[in-house]
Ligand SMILES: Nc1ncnc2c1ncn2[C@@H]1O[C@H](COP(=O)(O)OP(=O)(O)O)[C@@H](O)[C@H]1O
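A single chain comes next, written as structure tokens; it is the form predicted on its own.
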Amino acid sequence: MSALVRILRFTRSLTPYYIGIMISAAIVTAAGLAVPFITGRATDIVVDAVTAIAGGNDVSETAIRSVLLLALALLAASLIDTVVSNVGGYWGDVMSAKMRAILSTRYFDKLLNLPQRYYDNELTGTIVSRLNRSITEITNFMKSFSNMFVMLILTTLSVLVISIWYYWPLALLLAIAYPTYFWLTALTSRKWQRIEGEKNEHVDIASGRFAEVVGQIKVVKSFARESSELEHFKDHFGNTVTLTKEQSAYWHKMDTLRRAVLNVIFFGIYLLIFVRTVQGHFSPGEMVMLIQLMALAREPVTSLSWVVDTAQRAIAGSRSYFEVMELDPAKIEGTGGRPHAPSISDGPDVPMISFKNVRFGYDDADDVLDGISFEVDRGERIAFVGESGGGKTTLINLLMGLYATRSGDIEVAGIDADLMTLRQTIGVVFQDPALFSGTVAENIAYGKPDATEEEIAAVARRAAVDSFVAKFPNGYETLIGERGMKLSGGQKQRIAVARAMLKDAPILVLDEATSALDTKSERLVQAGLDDLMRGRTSLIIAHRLSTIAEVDRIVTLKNGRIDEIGTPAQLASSGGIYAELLALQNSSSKADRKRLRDFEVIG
């Protein structure tokens, strides 16, 4: 019940639909309850007429008129049921669609606001599977529940009251049947939900892996891992079959017990009705009416089995859903700090970016960065050099507020405490271009959705995108496929560069931005990047030493700490990491070339 209350509270804007559906259900219930009385009365009239004919009398016009009116009453009840149930069904469909929209939108909104650490520990496919499964189960239950709840309650109460009026032992037996069935159902529910949770876990893991494999299908095929991936997938769904066998066997065993108890109780009810009729306490019409009422009374109980089944799925699904909705971003991220505005007033002497004794590590692992301190002036170009895993990209992630520091401060001039404002001031080109399905134009304009065609074309020329787009039949409206799968690595990278150019942010981050380009493309893109960096604060992580030869300063990182800071000329003769790289670049030995690759930098 608590899960139901949470769902209702979460979707309180749908209250008018809930009320409308319940009113229509009440009308349909009333029309259904009228039928036994109408047929009962008609039965008495017909029996009296047949008795009169058997006694040699003619059928009276009153009897004919009465059965005609009763037939019309049955027609009216049927028409009311038909019309109102369809109106309620329409409201239920709209309510279900709106609920799906509300729950899905809030789930997506929650995911968008969770920190990067959450995604580091979750499979994308699992997140998507949880959304589809949970919300489908919740909406299916709420639709059926809102339609059936009022009918079940009103039918049950009405039949109990009528039974008391006609013969109280009938109501007593019904009063025994309902709680007994509910109690047996509650016993079934606990174990059923536990197994359902285990099944959901297997489905989510399998679905997560499925999405990952589809997204990396080239890698799977290249390493001939199709069979092992299929086995992994089959194992999880095989486990769901095993669990379903246990779950279903238990459910049906308990359902057999519940229904057997119900059969015995209703045997007693029908026996009482038949005996009372034979004894003359009930007329034939009253007997027919009571039998039909008992059938109506039995329907809510037997329907409860299906309602409980959908309710249990909804409860299990809502548990997964609300686990995500109740996540506290602050607890996931920890107590560390994010970039913020400088503590002193803004001015020309205030550095654009300042790292002050910053420490950072992933989850509970050791520090990746330890005691990082440096400043970047406005308009300065600064490059980061170091061995693979030395923390270069981590510095960029911290600057963008994707992770919180363990200690220390990061100050960025011209922003407030809002991370959205911070990220709007940074244009970034990642090593992985990370394009979206859609057109070339849409991907270029991702950071500036209101860009004109002329603006898109202008940055495309600067980033050397126009040279290959011109060969596409649909030009900038060409669909590039999921993650840009229809493009080469260099083409995707050039689009990513154009996207950063169009954003035109005051801070530019180039995380190995030209790593996927051939020499010709690199020259074209580098010319555009040089133009883009002019007058901007630029942070560069580069594969090629040639791309950082013209920077103002270089920061070298070693084992998560700053080793040196200086101009390229200063560090070239210092004997540090940069000097080592220059020497390795000019060496022809295999050992030196291998050592050079460890730095992810080539000449």
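All figures in this text were calculated on a predicted structure; none of them were measured in a lab. For every residue, the number given is its place in the sequence shown, counted from 1.
The form predicted together with the ligand is left out here; the points below concern that form.
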When the ligand is placed as it is in the model of the complex, which of 74 to 82, 193 to 201, 461 to 469, 387 to 395 ends up with heavy atoms within 4.5 Å of it? 387 to 395
Interface residue in the model of the complex among Asp120, Asp93, Glu477, Asp518, criterion: non-hydrogen atom within 4.5 angstroms of the ligand: Asp120
Select from the listed residues Thr439, Thr180, Thr310, Gln431 the one whose heavy atoms reach within 4.5 Å of the ligand in the model of the complex. Gln431
State yes or no: in the model of the complex, is some non-hydrogen atom of Met294 no more than 4.5 angstroms from a non-hydrogen atom of the ligand? no
Would you classify Trp165 as touching the ligand in the model of the complex, given a 4.5 Å non-hydrogen atom cut-off? no
Any of the heavy atoms of Phe274 lying within 4.5 Å of the ligand in the model of the complex? no
So in the model of the complex, is the ligand close enough to Phe282 to count as touching (4.5 Å, heavy atoms)? no
Residue by residue through 367 to 381, tell me which have a non-hydrogen atom within 4.5 angstroms of the ligand in the model of the complex. Val368
